[in-house]
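Consider the single chain below, provided in structure tokens and representing the form predicted on its own.
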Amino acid sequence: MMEMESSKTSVDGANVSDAKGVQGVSVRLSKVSRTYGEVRALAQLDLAASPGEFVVMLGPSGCGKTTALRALAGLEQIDSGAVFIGGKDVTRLPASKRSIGMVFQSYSLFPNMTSAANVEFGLKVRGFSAAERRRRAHEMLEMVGLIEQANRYPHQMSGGQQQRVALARALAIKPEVLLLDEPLSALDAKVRANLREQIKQLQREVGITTFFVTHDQEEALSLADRVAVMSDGNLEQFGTPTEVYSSPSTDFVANFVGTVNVFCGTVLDDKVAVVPNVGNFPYVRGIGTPARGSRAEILVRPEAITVRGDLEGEYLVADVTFLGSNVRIRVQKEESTFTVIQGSADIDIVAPGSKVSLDAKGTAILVRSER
């Protein structure tokens, strides 16, 4: 893929051109609701993206993320609320009038067409000349690194290659917004990791406002400018990957994004909580207004604690997993299990069955009143 210097900005409501002249536009879902009988798919959803932003919608199955994507595309009728693209209300516009490119999990390529013909299809429907279709298809296939596969049929390409053709087809019509619905979930782990890097690079080059739906936390955190975490039709948190991981706004976000350890401890003041025999944890956010001196549950990421070999330790090592530069250690105390991740070079040699102590070395992501 070509290396390009983008001139896009992040001023909400403005259209921004990158080096290829593709426009990034603002997108907003305003108090969008959708129900299916007794099931509430979306509840007054408010979500806004700046021009050229890469937004990942993250959540478990049935949380409403795909419904939101389809509502934005015009493929799903909403019960109330409004959809804005580039500052214009498109709520009543059909999907064909919304200037949106969409990539699905299943690729949805025409099996009887070559990759070039697949990319040309949307342009043909829109009345472009044969010469312009060929030129644009060549440009798009070159952009996704598949120009040598231009004359191959879908069954002659790998899953990753087919998905890149689908991406080239979506971008060929020069849409204002790109929507990707679980586009990598059908691929194996190595191909998925490689392709998500390519998608992120391509999105930066093109400068198009992008919404990406996934239930994969690693995928969301590695791709997004901002992550929209959803649950039961509600937006739980909308922030940068760092904010969502390190400073979750709700219990749900803390537990859904990444691994979390829950310790019982005591609140020292409105900034520090202490876990007996582990140490003090500074914290930013509290739930249930835990008062000074009160018992509390302290939520801590695996990398915010360390393991220390200790024959008098209160914890027992359950298992040790080598992860290359890091080691994941699961320890137990009575009926509770905790996870620690730390650098391979920094860890004492511990083995399953050995006794250890835990030490605080980082910040708690959340402190809540004891349940």
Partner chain sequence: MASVIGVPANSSGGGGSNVLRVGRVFRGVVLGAVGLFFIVPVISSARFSFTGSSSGLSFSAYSKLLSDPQFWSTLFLSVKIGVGTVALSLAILIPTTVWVHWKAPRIRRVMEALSLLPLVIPSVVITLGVITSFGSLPNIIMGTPVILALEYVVLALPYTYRTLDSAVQALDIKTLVEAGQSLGAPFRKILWWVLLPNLKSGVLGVVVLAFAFCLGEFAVASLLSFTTFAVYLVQIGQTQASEAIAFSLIALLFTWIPLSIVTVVFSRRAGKKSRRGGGGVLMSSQSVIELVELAE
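Bear in mind the structure is a predicted one, so any value in this text is a computation, not a measurement. Residue numbers count along the first chain shown, from 1.
Another form exists, predicted together with the partner chain; not displayed. Remarks below refer to it.
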query: Residue (of Ala95, Val274, Val262, Ile287) lying close to the partner chain in the predicted bound form, criterion heavy atoms within 4.5 Å; finding: Ala95
query: Position in contact with the partner chain when the complex is considered in the predicted bound form, options Ala193, Met113, Ile147, Ala82, heavy atoms within 4.5 Å; finding: Met113
query: Touches the partner chain in the predicted bound form: Phe121 (any heavy atom, 4.5 Å); finding: yes
query: Exercise: Ile100 in contact with the partner chain in the predicted bound form, heavy atom 4.5 Å; finding: yes
query: Contact of Arg292 with the partner chain in the predicted bound form (heavy atom, 4.5 Å); finding: no
query: Touches the partner chain in the predicted bound form: Ala130 (any heavy atom, 4.5 Å); finding: no
query: The partner chain in the predicted bound form: contacted by all of Leu75, Val125 and Ile173, heavy atom 4.5 Å; finding: yes
query: Partner-proximal stretch of 253-261, 100-108, 139-147, 227-235 relative to the partner chain in the predicted bound form, 4.5 angstroms, heavy atom; finding: 100-108
